[in-house]
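First comes one chain, alone, set out as structure tokens in the form predicted on its own.
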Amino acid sequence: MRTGLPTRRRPARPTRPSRPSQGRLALYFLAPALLALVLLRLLPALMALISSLRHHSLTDGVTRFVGLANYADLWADPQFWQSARVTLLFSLVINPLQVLLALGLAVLFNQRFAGARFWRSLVFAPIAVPPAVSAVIWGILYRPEGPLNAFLGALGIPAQPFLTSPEQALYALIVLMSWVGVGYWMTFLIAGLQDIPREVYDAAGMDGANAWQRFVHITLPLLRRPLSFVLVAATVSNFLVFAPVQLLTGGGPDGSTNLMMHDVFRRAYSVGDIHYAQAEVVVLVAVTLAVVAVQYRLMQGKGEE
């Protein structure tokens, strides 16, 4: 029964703003990085792939779709295979060399002794030098009348041609790139060593394990993840070496330092065949991804599968 009196309404409670889910919140934070990944990595890769399927004719100035013709020409090109062999030799030498040197230095500088931080900083310092400047420094060191030959002369060793010798030029670049990279990779391994609990070493010492047994059975297994990262990152970095080659040797002498990245640059900007160069870029990226996948597989522990 209605009383005729107006009903009193309860004041509405202020509603709390709905919180985004954790997944959506993570997406908000990752959005700038994902956008940069798409614009700076994936989109240029897609454009390179499309461009590698085309050919620009210098006679009529028309760009046509040619399918896999650029890849077929690349397959039959002796200079491409010479560049691939040089890149393969370069990678087979420099990657194990850098990882082993970085591991040895990391184990050494992880010990407590006077001046350890100073020497660690000294080894890391070359990474702060731009690659072009590093190339200029080593270009001076490698000169026939440079400091290295002066040092060898003081030891009674004849002067070496270094960058002008087809037998020595590639290894001279390997020394240069190792000087730049070893200190950088060392820092990741030192961080991994410091994450290994000290109690594990103490327990092994109580069981009578010597230093070598502790290194093989404790350090290496527990350092698997940092080692995998360093090996993969060093491999990718060394596949893309360009500045020292361009500045010091130009791919010579006799093509002995013509790494694939420099060969891509030569085809694109010296020969002027940008689509042919894009095909070689695609091949280089595919080879790099294949090598990285194999390394991940080999470095992956059974317990992590």
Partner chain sequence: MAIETHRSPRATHGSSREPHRSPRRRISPARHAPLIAAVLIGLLFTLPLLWVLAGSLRPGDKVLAGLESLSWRSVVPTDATFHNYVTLFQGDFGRAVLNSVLVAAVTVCVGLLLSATAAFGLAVFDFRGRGAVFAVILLSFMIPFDAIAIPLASTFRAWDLQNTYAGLILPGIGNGLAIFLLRQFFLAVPRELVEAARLDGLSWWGVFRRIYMPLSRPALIAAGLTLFTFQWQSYMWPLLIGTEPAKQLGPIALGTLQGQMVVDYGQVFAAAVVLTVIPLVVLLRLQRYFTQSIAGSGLK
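Here the structure is a predicted model, which is why all the values come from computation and not from measurement. Residue numbers count along the first chain shown, from 1.
Beyond what is shown, the protein has a form predicted together with the partner chain; the following relates to that form.
S.K.: Pick the stretch from 251-259, 273-281, 65-73, 52-60 whose residues have a heavy atom within 4.5 Å of the partner chain in the predicted bound form.
M.R.: One stretch meets the cut-off, namely 273-281.
S.K.: Counting only non-hydrogen atoms and a 4.5 angstroms cut-off, does V285 reach the partner chain in the predicted bound form?
M.R.: Output for V285 is yes: heavy atoms within 4.5 Å of the partner chain.
S.K.: V294 versus the partner chain, in the predicted bound form: is there a non-hydrogen atom within 4.5 Å?
M.R.: Heavy-atom contact with the partner chain at 4.5 Å: absent for V294.
S.K.: Considering non-hydrogen atoms and a 4.5 Å limit, does the partner chain approach R85 in the predicted bound form?
M.R.: Taking the distances in the predicted bound form, the answer for R85 is no, it never comes within 4.5 Å of the partner chain.
S.K.: Is Y201 close enough to the partner chain in the predicted bound form to count, meaning some heavy atom within 4.5 Å?
M.R.: Yes.
S.K.: Can you tell me which residues in 110-146 come within 4.5 angstroms of the partner chain in the predicted bound form, by heavy atoms?
M.R.: Stretch hits, in order: N110, Q111, R112, F113, A114, W119, S121, L122, V123, F124, A125, P126, I127, A128, V129, P130, P131, A132, V133, V136, I137, W138, I140, L141, R143, E145, G146.
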